[in-house]
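As a starting point, one isolated chain is supplied in C-alpha cells, in the form predicted alone.
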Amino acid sequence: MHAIAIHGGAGTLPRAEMTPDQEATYRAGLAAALDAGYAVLEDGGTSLDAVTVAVRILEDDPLFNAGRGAVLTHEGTVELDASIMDGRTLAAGAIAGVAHIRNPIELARAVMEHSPHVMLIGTGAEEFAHTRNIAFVANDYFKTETRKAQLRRVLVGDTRPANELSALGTVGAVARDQAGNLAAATSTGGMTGKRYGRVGDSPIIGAGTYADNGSCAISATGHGEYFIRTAVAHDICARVAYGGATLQQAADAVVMGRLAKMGGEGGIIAVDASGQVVMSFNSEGMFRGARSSGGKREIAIYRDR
C-alpha cells in the first residue's frame, strides 16, 4: 500500500480562537500539499519525490513556519533548516542556517544526492547551492507581516499566545511508495526570536527526521531541544525494528511518554513498511494530513478533527 502523511507544525491557535475562515485556509494549504504528494505516489513515483513535492508546497505557503512565512530571528532575519532521508539506502541530506534558499528541502536533497556529506550549514551550504542551480531569493522574500508582529511581541517580552500560533511550527512529510520504499523530509524556520545561530531538531538525522525501510519513516515537529536530546525519530524506528512494537505503540511511548515526561511538546507523523500511518502529538493540536491507496484521506488540526 502506498501512503503519505504531512504536517504543518504542532501547536495551534486555541480552538475557541480559530475562526472558520482561518481553519478553512489552513486546511486548504494542508490539502494542497497532501494531494500533490499523493499524486506522485499514485503515478508510480518515488517516496523521495513525494515528500519533496509536499514539503516544497508547504515551504511556499506563508501560513507555515518554513520557507516563505518562516519565523524571524532576534535580528529580524530568516534562517532556514531542512533535512531528507531515503529509507532504502539510509542516505540523508541536511542544511541549516541558510538565508537565501527559496526551497530548503531541495538543497537538503541536493546535499544527499550530489555531495559526500550529510549536513552543510550557512554560507557554505549556499555556496554548494550555487553549484546545483538551486533557486535563490532575497531574505525579505520570506518575511510576512504576521511574523514581524510576532517578533515585536517577543522582543518586548510579551508572550501571550492570543491570536497567534505557538512557536512549534515546522513542516514535514513521510511516504511509502509502490515499490515499498520509505522517505521522510522536514523543513523549518525554527523559533521566533532565536539567536546565536540556534539550530533545532529539524535538520538533525535521528532527531527530527529518520527513514529506514526496515522500520519506519518519521518527521517531527515541536520543541527541538527536547527532540534532539531524546533522538525522537530514531528512537521510534528502533522500537519498531528491535523491540517488536507496532508503530502506534512506539510513537506513543516516545511522544506521549518519554518526551512528555521531560517537558517536550510536539508530535510526529510516521509511516511503516506496510504503509500504516501514525500521527502522534502531545500538544493541543498538530496541523496534519494523511492519504493512502487503501482509501484513507484525513486532514485535521485538533485532536478530534
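Quantities reported herein were computed from a predicted structural model and do not represent experimental measurements. The first residue of the sequence shown is number 1, and the count goes up from there.
Form predicted in complex with a further copy of the same chain: not shown, discussed below.
Trainee: Residues R27, G69 and A99 are flagged as a possible site; in the model of the complex, is every one of them within 4.5 Å of a further copy of the same chain by some non-hydrogen atom?
Mentor: No.
Trainee: Examine G243 and determine whether its closest non-hydrogen atom to a further copy of the same chain in the model of the complex is within 4.5 angstroms.
Mentor: Yes, G243 lies within 4.5 Å of a further copy of the same chain in the model of the complex.
Trainee: Tell me, yes or no, whether M191 is in contact with a further copy of the same chain in the model of the complex, where a contact means a heavy atom of each within 4.5 Å.
Mentor: Yes, M191 sits close enough to a further copy of the same chain in the model of the complex that at least one of its heavy atoms falls within 4.5 Å.
Trainee: If we define contact as a non-hydrogen atom of the residue within 4.5 angstroms of the partner, is V154 a contact of a further copy of the same chain in the model of the complex?
Mentor: Although a further copy of the same chain is absent here, V154 would stay clear of it in the model of the complex, with no heavy atoms inside 4.5 Å.
Trainee: Does at least one non-hydrogen atom of I204 fall within 4.5 angstroms of a further copy of the same chain in the model of the complex?
Mentor: I204: contacts a further copy of the same chain in the model of the complex.
Trainee: Just one stretch in 177-185, 135-143, 207-215, 99-107 has heavy atoms within 4.5 Å of a further copy of the same chain in the model of the complex, so which one is it?
Mentor: Flagged stretch: 207-215.
Trainee: Pull the contact list for 192-210: residues with a heavy atom within 4.5 Å of a further copy of the same chain in the model of the complex, in sequence order.
Mentor: R195, Y196, G197, R198, V199, I204, I205, Y210 sit within 4.5 Å of the partner.
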